[in-house]
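Shown here is one chain on its own, the form predicted on its own, set out as structure tokens.
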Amino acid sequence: MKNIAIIGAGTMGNGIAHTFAQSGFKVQLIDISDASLERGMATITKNLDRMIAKERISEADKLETLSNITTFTSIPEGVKAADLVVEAATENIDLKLKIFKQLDEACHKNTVLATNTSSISITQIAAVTSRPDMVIGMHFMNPVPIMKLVEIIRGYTTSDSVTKIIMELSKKLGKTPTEVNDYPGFVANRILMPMLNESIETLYNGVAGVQEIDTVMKLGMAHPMGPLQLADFIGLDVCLSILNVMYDGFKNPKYAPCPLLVNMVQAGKLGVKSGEGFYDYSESRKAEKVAKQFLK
């Protein structure tokens, strides 16, 4: 595989593009507007500059990485030469199904189609294509250029050969691929999201404050980041979406999202991306958010 098309230039998409390009692959980064692509490329450039400052790469490495990325606003144009497409659009099932129908029509018959979904069924996505055996999950962790894990999720009909190809490809990126089966939330989020949700329930029930909950988990459980800060970093809307997928998939009340989380998302308090979540990022990344209006 030499040409990798990435659908979506947001947080995950630009990180995936960065990682493939830095590993020497030719990357076609695709989004719906030039403005989205410009933001994505600006983020990649900023992250490469940080790596230079830390003496992890050289200026020449940066320029070579950027030269490996070409941007497109058209899916058919961007994927026509792709050996692999990695979809990294918003975690919305209807949008993903629409994209995969387009990809199936636009891509060469031998192109492998992957999704970076964090919870949605690979089998359901594959079913809208004429190549379900060539559809697979590649769930990268954020921030993609740094985190080593890639969950490789096999759909019901994903072939052994495609799974082997994607496992080996992930290793070429310097990642540690881990094969899992296709159930809601897979492994990472099936374990992580209930913990985050319980942390929000703990706040909702008045057991402790934001910083106190995060301090207990950081110092008591040796977590590098508290669960409420991590939820802010992931995006509270993303957390809610994943919990809803698991709740719908398992019909188990333990996955039901906390009312506080629902209220905050409805109010547009999404975490880092909106400037405010459990913490106030508009003034200080360490300033605790006053959320009394949500705790009534």
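Note that the structure is predicted; figures quoted are calculated from it, not measured. Each residue number is its position in the shown sequence, starting from 1.
The next section is about a form of this same protein that is not shown, the form predicted together with a small molecule.
Enquirer: If contact means any heavy atom within 4.5 Å, which of 167-175, 204-212, 217-225, 94-102 contacts the small molecule in the model of the complex?
Expert: Stretch 94-102 is the one.
Enquirer: Under a 4.5 angstroms heavy atom criterion, identify the one residue in T111, S121, S118, T158 near the small molecule in the model of the complex.
Expert: It is S118.
Enquirer: Of the residues I200, I153, A88, V135, which one places a heavy atom within 4.5 Å of the small molecule in the model of the complex?
Expert: Among I200, I153, A88, V135, a heavy atom within 4.5 Å of the small molecule in the model of the complex occurs only for A88.
Enquirer: Does G275 reach the small molecule in the model of the complex if we count a contact as any heavy atom within 4.5 Å?
Expert: Outside the cut-off, so no.
Enquirer: Mark Q22 yes when one of its heavy atoms lies within 4.5 Å of a heavy atom of the small molecule in the model of the complex, and no otherwise.
Expert: Flag for Q22 set to no.
Enquirer: Indicate whether the small molecule has at least one heavy atom within 4.5 Å of a heavy atom of T129 in the model of the complex.
Expert: Flag for T129 set to no.
Enquirer: Does at least one non-hydrogen atom of D237 fall within 4.5 angstroms of the small molecule in the model of the complex?
Expert: No, D237 sits far enough from the small molecule in the model of the complex that none of its heavy atoms falls within 4.5 Å.
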